[in-house]
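Quick setup: one chain, the form predicted alone, written in structure tokens, and binding and motion questions come after.
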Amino acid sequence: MRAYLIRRLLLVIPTIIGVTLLIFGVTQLFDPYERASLYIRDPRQAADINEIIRKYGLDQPFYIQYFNWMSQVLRGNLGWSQSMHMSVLEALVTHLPATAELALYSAPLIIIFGIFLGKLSAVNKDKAIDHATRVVAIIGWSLPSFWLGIVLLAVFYGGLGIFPPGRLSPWAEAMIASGEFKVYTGLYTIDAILNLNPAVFLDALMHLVLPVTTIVTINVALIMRIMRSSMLEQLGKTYIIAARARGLTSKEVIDKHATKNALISVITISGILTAGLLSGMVITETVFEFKGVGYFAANAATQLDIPAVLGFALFAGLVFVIANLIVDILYAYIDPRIRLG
């Protein structure tokens, strides 16, 4: 087990290097003057752009530029975001809590409902409930997130006046700005609990309902279909037939044997899905004005803020690398054959 974990950890290093090489390689599509914008924090610095190019070696060979860039990244310098008027690292740290809060409530619901519906569908294969869950999954998977988000906003906020966009109501934002409400994590529902403030907690929760509903509705179908396929595969294997022959009840066979083995495939998809949520839900965050990492990336892209877009790409790449590492470790605990193979 220890050897397996060491191998997986060592593989992370070349993977991260590959990600950074790919991201930095994209910057070479721009000329040195455009890349110099990474280091311009004040419009007045534009007059000294040739000095900036020389200072940071932007006219040097690729490998020298790459090492110079990596030395900056390792110091936490991802450049200056013109769209946010702050460093890219600071912008990412500022917007990450909103995305993390969405993922915190969305990912567990997607996984729980996906596993439950997939298992229910497989156990009742070709019955009415199987057809119904599959139809619902196909419809959910087919809905464009921006369309579903707008419809939900029109019905609940526009029509009924509930579940507003944004993260907090103006009165709650004013409370935070005044210092009366202490921000510990940036996840307002968690901070409200730590501040023993049920009013802010309920307000933050009300603002989460529609974006979380949108994310769950669209993504639950993927987990459901993977779980259904894996369950059907397991239910047809010899060890399940042998378990039934030993007199085990259908519930014991399904819960103790088939489900556990079927979950191995679901773990991979769940890890990738969670990484995708943590790296920003651009459309959902934009529709609901939920100012997370995805909202920041969309705003940077529309304003041609190259340093911010590259910083977001690097952040998203690292999130997926870490997610894959966690999935590999979970594999080793669930299926001993993986770590012994």
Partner chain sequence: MSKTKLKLEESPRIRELKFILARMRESPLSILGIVIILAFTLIALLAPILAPPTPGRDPYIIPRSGYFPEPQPPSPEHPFGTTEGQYDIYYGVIWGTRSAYRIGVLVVTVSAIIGIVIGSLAGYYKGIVDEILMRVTDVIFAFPGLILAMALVVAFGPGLDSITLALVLVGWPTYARLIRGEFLRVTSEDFVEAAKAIGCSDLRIIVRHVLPNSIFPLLIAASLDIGAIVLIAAALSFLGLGAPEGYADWGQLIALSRNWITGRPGDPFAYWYVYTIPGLFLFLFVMGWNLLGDAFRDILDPMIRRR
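Computed from a prediction, not measured in an experiment: that's the story for all the values here. Residue numbers count along the first chain shown, from 1.
Another form exists, predicted together with the partner chain; not displayed. Remarks below refer to it.
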(message) Give me the residue from V209, L194, I139, L248 that has a heavy atom within 4.5 Å of the partner chain in the model of the complex.
(response) I139
(message) Check for me whether the partner chain, as it appears in the model of the complex, comes within 4.5 angstroms of all of R134, S229 and A313 - heavy atoms only.
(response) yes
(message) Given the stretches 209 to 217, 150 to 158, 88 to 96, 173 to 181, which is the single one in contact with the partner chain in the model of the complex, using a heavy atom cutoff of 4.5 Å?
(response) 150 to 158
(message) Considering non-hydrogen atoms and a 4.5 Å limit, does the partner chain approach P198 in the model of the complex?
(response) no
(request) Answer for L22 alone: is it within 4.5 Å of the partner chain in the model of the complex, judged on heavy atom distances? (result) yes
(message) Can you tell me if Y239 lies within 4.5 angstroms of the partner chain in the model of the complex, counting non-hydrogen atoms only?
(response) no
(message) Is Q65 part of the interface with the partner chain in the model of the complex - any heavy atom within 4.5 Å?
(response) no
(request) Within 4.5 Å of the partner chain in the model of the complex, which residues of 251 to 282 have a heavy atom? Give them in sequence order, or say none. (result) A275, L278, S279, V282
(request) Over in the other structure, so in the model of the complex, do G276 and V220 pull closer or drift farther apart at the C-alpha level? The difference is 3 angstroms or more. (result) closer
(message) I want to verify one pair: G280 and G114. Are their C-alpha atoms nearer or more distant in the model of the complex compared with the form I supplied, knowing the change is 3 Å or more?
(response) closer
